[in-house]
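The chain below stands alone and is given in structure tokens; this is the form predicted alone.
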């Protein structure tokens, strides 16, 4: 391709407040249409907005996590436009004086680290949701007025791969900050993609087109590829790119024009007359900064440094803050970080994926898993029994020692008992014994398995193998 790609993203993030931005209506997801509304969020004449302080705090905390400069003085503005999902025919947003300026997100694509700059983060109210049926359309205003944070990137992204990596990294930071659920299925996080091409090696940016309302990261990836393909074909044919708004059709894998953007900048912004400016004292900003957790990247580096974990393990564990918290407490209980990492990354994540659960829904506590790891390492139980106990703990909860005691699953390490079982197996499997003596090494593992079967899985495998090797000389 003879063109350089430029991509900028506008990410809209619903904050996890219990009430809306300017009224006390609930923000809970899934209610019947138009049941969480009032004169304020429906835009009735004379209804006055009251600012949600928690939404301000969440936005500032997100800005601090992303390295933004926090504005001590900011204000809200009216953004005027007419659309069915906008009950007031204007949106209360922020224009020239937002809460957060600058900042950045670090990404890694193909082993190459890159920093994506942010332009700003501003706070606004969400709009309603248009609903289309076979013969009619409707509007659900339950979402209208929900606090919405818009994070605007600089045009630093140069490929769909970078755009997807940016969104993954941004979502992870927001989840760590605890400001949003970031549930894409519920529309907590939506994205507009600005894409342009310019002749390779030139500086001025090309004419951009905007793909609206993407709500999956894979969707952004595929939509960006489709738009790059569309613009490349137009430029190759000698045509000009028009500034317009597009939608992505995933079935056809193409971007489709919705409307021209030539006059889209004329929103007739003016300061919101019914709201005072937002004035933040330095001590308030510092108090919120003191509540922030580690950044995911910092935590990943600490896991490698402090616990001696491989980079891959640390990356998997840190991807989800709740999983990382669970691992750290399990490691503390077990006294062995690597063993804790192995159990969380294998048995725990496997069971969660199989049953489509979050780690908080599993009934096995970090304390119980830590105890189970200690029992396995002290050879109170063998590895097979440990996995069985884990399955019970995952589904039912409880105490590992109690489960082992009730089921008689304690590992047998008594040499006299084990020797009797080994002799019994050798007598019953003379051919396998002869095969091992003839150099067929796999026969030994077969014999170990037979001893485990005789002892109902309770034998100490290491002791059994040592005894067999000694007797088969």
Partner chain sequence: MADSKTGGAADAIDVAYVARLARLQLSTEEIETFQRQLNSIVDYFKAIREVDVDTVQPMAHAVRVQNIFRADEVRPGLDRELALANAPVHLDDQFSVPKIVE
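The structure displayed is predicted, hence computed values, not measured ones. Positions refer to the first chain, counted from 1.
Same protein, other form: the form predicted in complex with its partner chain, not shown, and the subject of what follows.
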| property | result |
| --- | --- |
| Heavy atom contact within 4.5 Å of its partner chain in the model of the complex, the stretch among 162 to 170, 332 to 340, 176 to 184, 140 to 148 | 140 to 148 |
| 305, 247, 229, 200 - the one with a heavy atom within 4.5 Å of its partner chain in the model of the complex | 247 |
| Site check 346, 394 and 469: each within 4.5 Å of its partner chain in the model of the complex by heavy atom | no |
| Proximity of residue 19 to its partner chain in the model of the complex, heavy atoms at 4.5 Å | yes |
| Heavy atom of residue 134 within 4.5 Å of its partner chain in the model of the complex | yes |
| Residue contact check: residue 353 to its partner chain in the model of the complex, 4.5 Å heavy atom | no |
| Residue 68, heavy atom within 4.5 angstroms of its partner chain in the model of the complex | no |
| Residues of stretch 20 to 53 in contact with its partner chain in the model of the complex (4.5 Å, non-hydrogen atom) | 20, 21, 22, 23, 24, 25, 26, 32, 33, 34, 35, 37, 38, 39, 42, 44, 50, 51, 52, 53 |
